[in-house]
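Only one chain is shown below, in structure tokens, and it's the form predicted alone.
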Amino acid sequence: MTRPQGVGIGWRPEIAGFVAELPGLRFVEVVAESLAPDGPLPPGLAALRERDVTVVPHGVRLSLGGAEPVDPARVTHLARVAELVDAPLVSEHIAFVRAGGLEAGHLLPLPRTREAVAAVTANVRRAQQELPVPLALEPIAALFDWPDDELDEADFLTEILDATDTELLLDVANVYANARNRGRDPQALLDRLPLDRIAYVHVAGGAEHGGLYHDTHTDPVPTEVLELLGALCAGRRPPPLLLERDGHYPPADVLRAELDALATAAGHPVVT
């Protein structure tokens, strides 16, 4: 049950062969809902576990920010997947995905109010009662803000993490997207986040559409995000990093170069 280390990648069946050939790979992340809680693991993922590559389940459907109590069956699923892969931690999003029995099919942002802080806190605590390992929370990229926010993004996140004693899954691409779309400085936002709580870091690509930057996970990681990653790691021990790709997978040499660029920006050894 080794904690994430070095540079990893999101495990997806489409790139399982590529991932299996990365000699310096120390950890991967897998979408928790894509695994059957009773197994067996997909062959490529099972082979990584046999190599002692750490696997972190990443949930996308708990809806921790929903006004309704978190679904116990979904928490049980995440807990059993964590045990299946011998995970050192699990992660989920500060977001909601359902309300009134309707599924959005997307991670939706919360109003940054103390009422929302209380709702997230209650759901996280419900989940923590069953999860066998620590939980890391990821703030999402949002294309809009609710009109009656009481807190800015940094204070909202800090209050939630303090109230729940959870770790931070920091996505530097989300930091860049949120600051850019609000016309603010990404570095200024990064500097105010509770960086002492980082469990690991996501890095992903995106693209501009209609004047807004979209966190697509299908485009290359832009230079600005790599620069923000470098600023995060400057003067401190580099945290574990994970490249997210979810479609439009480039040729293997391009994907290797992207992993190496992450490692170089953060000061990690390359994995390829």
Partner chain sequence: MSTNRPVGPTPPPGAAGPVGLAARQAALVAALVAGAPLPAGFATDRVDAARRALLRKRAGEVARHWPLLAAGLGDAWPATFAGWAAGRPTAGSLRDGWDLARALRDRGTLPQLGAEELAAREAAHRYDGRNPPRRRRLPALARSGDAVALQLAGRVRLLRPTRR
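Positions refer to the first chain, counted from 1. Since the structure is predicted, the reported quantities are computational estimates derived from the model, not experimental observations.
One more form of this protein exists, namely the form predicted together with its partner chain; it is left out here, but the text below deals with it.
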item	value
Candidate stretches 50-58, 212-220, 23-31, 231-239 - the one whose heavy atoms come within 4.5 Å of its partner chain in the predicted bound form	212-220
Partner-contacting position among 190, 143, 151, 140 - heavy atom within 4.5 Å of its partner chain in the predicted bound form	143
Heavy atom within 4.5 Å of its partner chain in the predicted bound form - residue from 119, 75, 175, 199	119
Non-hydrogen atom within 4.5 Å of its partner chain in the predicted bound form for each of 39, 42 and 85	no
is_contact(residue 125, its partner chain) in the predicted bound form, heavy atom dist at most 4.5 Å	no
Residue 157 within 4.5 Å of its partner chain in the predicted bound form, heavy atoms	no
Proximity of residue 111 to its partner chain in the predicted bound form, heavy atoms at 4.5 Å	yes
4.5 Å heavy atom contact, residue 246 to its partner chain in the predicted bound form	yes
Contacts with its partner chain in the predicted bound form - residues in 65-80 whose heavy atoms fall within 4.5 Å	65, 66, 67, 68
